[in-house]
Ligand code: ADP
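Given as structure tokens, the chain that follows is alone and in the form predicted alone.
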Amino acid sequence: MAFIALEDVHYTYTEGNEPPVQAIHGIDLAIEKGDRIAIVGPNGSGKSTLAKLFNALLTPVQGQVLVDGMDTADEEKIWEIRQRVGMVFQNPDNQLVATMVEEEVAFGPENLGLPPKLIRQRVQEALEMVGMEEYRNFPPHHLSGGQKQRVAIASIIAMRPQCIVFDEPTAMLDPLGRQEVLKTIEKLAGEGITIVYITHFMEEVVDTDRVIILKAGQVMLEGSPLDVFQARDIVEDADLELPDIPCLVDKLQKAGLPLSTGILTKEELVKALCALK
């Protein structure tokens, strides 16, 4: 059985007298331990709704979401589910509650009732993993956006989840902050943590195992980054932009250079161009 499994999942928002809005339509999805999955789509495609379904912040109105065999609709299992699947949200300021970085990262383990010695160990390990150990005594509001997001990630790591869902974690960051967060996520993936990365920046999904394109709450396409980038019509129909490198490779191919369509990164392109000499 997959670590996270969605079977014919639907979700509808209902607010007061407003007409109901169906955000997710009949999604089937399987995520294995250690996977690095990207979910992309335009605003309103259902990405954030799907993210919240993964750890029972929302439960489906139809269908079933299973996490490590546990049904997210089972209220007695919610705490266990959220220990297994942590979430990092778009705005780091909305996630930070303590006055010091060290206290922020310790907050989750303290709520798990862990002994003080183990909490200190987890805080140290989490801060080292995100490269923020030298800021442990800083107030979070003195940090940059990228640093705040790395602290938010550390606070999740300290609770030792098996999976972390990132809901557009770079959307509010400058380019430097985005790079800081992406490098941290790459490091986490290398540690074997299951990653579900939600974004509308297509250049951020190049190194993932699988890309899922959502539009209007439905899966339009699922495949490797290369497969998805080659499906130009579907990408454009979803109001998404291909990353710069695949676009450049396409133009160079049309200009007559014998380049492989499997080139996805700047490093791969430089190597391929040097090999043509």
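All residue numbers refer to positions in the sequence shown, first residue = 1. These figures come from a predicted structure and were not determined experimentally.
We do not show the form predicted in complex with this ligand, though everything after this point is about it.
*Asks:* Determine which one of 226 to 234, 40 to 48, 246 to 254, 65 to 73 lies within 4.5 Å of this ligand in the predicted bound form, judging by heavy atom distances; exactly one does.
*Replies:* Every other range fails; the passing one is 40 to 48.
*Asks:* Consider E267 of the chain shown here, and say whether it contacts this ligand in the predicted bound form, taking contact as heavy atoms within 4.5 Å.
*Replies:* Outside the cut-off, so no.
*Asks:* I263 near this ligand in the predicted bound form, any heavy atom under 4.5 Å?
*Replies:* No, I263 sits far enough from this ligand in the predicted bound form that none of its heavy atoms falls within 4.5 Å.
*Asks:* Just checking whether A23 would be counted as a contact of this ligand in the predicted bound form - the rule being heavy atoms within 4.5 angstroms.
*Replies:* A23: yes, in contact with this ligand in the predicted bound form.
*Asks:* Going by this ligand in the predicted bound form, which residues of 62 to 76 come within 4.5 Å of it through any heavy atom?
*Replies:* Heavy-atom contacts within 4.5 Å come from no residue here.
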